[in-house]
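Shown below, as structure tokens, is a lone chain in the form predicted on its own; questions about how it binds or moves come after it.
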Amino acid sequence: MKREYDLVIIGRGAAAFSAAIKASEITSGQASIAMVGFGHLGGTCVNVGCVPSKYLIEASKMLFDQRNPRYPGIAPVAAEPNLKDLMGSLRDAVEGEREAKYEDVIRQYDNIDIVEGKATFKDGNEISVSGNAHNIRGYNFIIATGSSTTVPDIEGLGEAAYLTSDNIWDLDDVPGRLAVVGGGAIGLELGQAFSRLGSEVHVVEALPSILPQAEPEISTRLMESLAKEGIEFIMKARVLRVSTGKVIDIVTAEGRKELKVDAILMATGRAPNVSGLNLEAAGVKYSRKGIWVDSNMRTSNPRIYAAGDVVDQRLMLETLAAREGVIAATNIYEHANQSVNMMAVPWAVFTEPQLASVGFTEKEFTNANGGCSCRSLDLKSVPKARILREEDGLFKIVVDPRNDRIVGVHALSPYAAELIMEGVCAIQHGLTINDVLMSSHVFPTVSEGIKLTAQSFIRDISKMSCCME
């Protein structure tokens, strides 16, 4: 291990790996790079986030479909899950992904040193690393320490052996009754998965709606769909305390409520990992929301950049972190002044139906510009959805009335996370409603819902024949 590096990256998740690889590519492997961090390589996404959660979601979907076939003539199967075996296979899948996409990958870069330990800035040019005798100096730095689960201070919760998205993967048995505290993406995805595996799920949410960043009609429709599957939603509610035996004392708009459960999943959000970095010594401005950066991912210290969940920004996404890592490295070595168009960054919730969104909501664009042009379409108007016998869903497009450009696309449907890329391309390239109308879509597909929603700007789609252009 060297004591001085061209680039020191603090972190070892998506943003860190993307930055290290990009810096190596730009410099043809000549830049000396240190990646400093602790825990499993790969960070949140591969270890306790996207990979295990989607594995569990797909497994629970298979079980649910066996028990609840959609089509007449197909009999239900009384299948029961073996969670111990399922979780074992999940952990194997996580280990395989981590090995293939992180451990094996980084071994191919001789110019990148992996340094174990927690980094602390001594000044703007040097860090100390726990467990290492020598400090490390860097000509440039990228902070990519990610985020961690946050749990509010609730009386009795610490004695209740609660779960988070970090340790739920260690379960061997399906909880009989599961309380999910938090109605965001993590709570909804894992709540539905365990509901389908056999838990009686109760979601406790402080706000009047789930997923407040989504279009209200879409989040409402999703909650209705999940409620049909048997999930109970306790809205505008706050957990006061947890008593012996996992009895949760809840305050709601209607009064007090007690809920006795077998397990508690705290899905109350994530916070940037800024603690212990001693950012003051490096001249890096930050708050509890994360590190401040300019549009080029540069912090208040021009030699220090930041990327990913540790940044003060509206979205925490693995793909966004990876993009920002690439941009930070590119701007350091090529002085390219690259930036992220946050309104073209998609996000999704992998419930069934899936929710996906990109760009402005109707309220956001109206507040910023005084008005918008919007159209919504029920999923049942899409022929492929009727073929799938899936009718719980909605499409919505937000348009700038001054130039007909698409500024927001939102979907609640099967495959929404896949088809939202059409919205991303529309916003990224300034496409108009007419551009979508002039593009033929494959029939029958769920993505045709975007084309039909665009057509609803110019005609009554109930008076259209199939595949009407």
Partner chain sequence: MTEKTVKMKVFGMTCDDCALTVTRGLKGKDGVLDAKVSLADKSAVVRIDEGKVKPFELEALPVFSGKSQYRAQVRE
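Positions refer to the first chain, counted from 1. Please read these numbers as outputs of a predicted model, since none were measured by experiment.
Another form, the form predicted in complex with the partner chain, is not on view; read the next lines as being about it.
*Asks:* Do Thr27 and the partner chain come within 4.5 Å of each other in the predicted bound form, heavy atoms counted?
*Replies:* Yes, contact at 4.5 Å.
*Asks:* In the predicted bound form, does Asn301 come within 4.5 Å of the partner chain, counting heavy atoms only?
*Replies:* No, no contact at 4.5 Å.
*Asks:* Is Ser381 close to the partner chain in the predicted bound form, meaning a heavy atom pair under 4.5 Å apart or at it?
*Replies:* Because no heavy atom of Ser381 falls inside 4.5 Å of the partner chain in the predicted bound form, the answer is no.
*Asks:* Verify the contact flag for Ile332: yes if a non-hydrogen atom of it lies within 4.5 Å of a non-hydrogen atom of the partner chain in the predicted bound form, no if not.
*Replies:* Ile332: contacts the partner chain in the predicted bound form.
*Asks:* Of the residues Ala31, Leu63, Leu56, Leu431, which one places a heavy atom within 4.5 Å of the partner chain in the predicted bound form?
*Replies:* Checking each option against the partner chain in the predicted bound form, the one that comes within 4.5 Å is Ala31.
*Asks:* Would you mind picking the one in Thr268, Asn140, Gln313, Ser165 that has a heavy atom within 4.5 Å of the partner chain in the predicted bound form?
*Replies:* Spelling it out, the residue with a heavy atom inside the cut-off is Asn140.
*Asks:* Among the candidate stretches 360 to 368, 223 to 231, 259 to 267, 334 to 342, which one is within 4.5 Å of the partner chain in the predicted bound form when only heavy atoms are counted?
*Replies:* Flagged stretch: 334 to 342.
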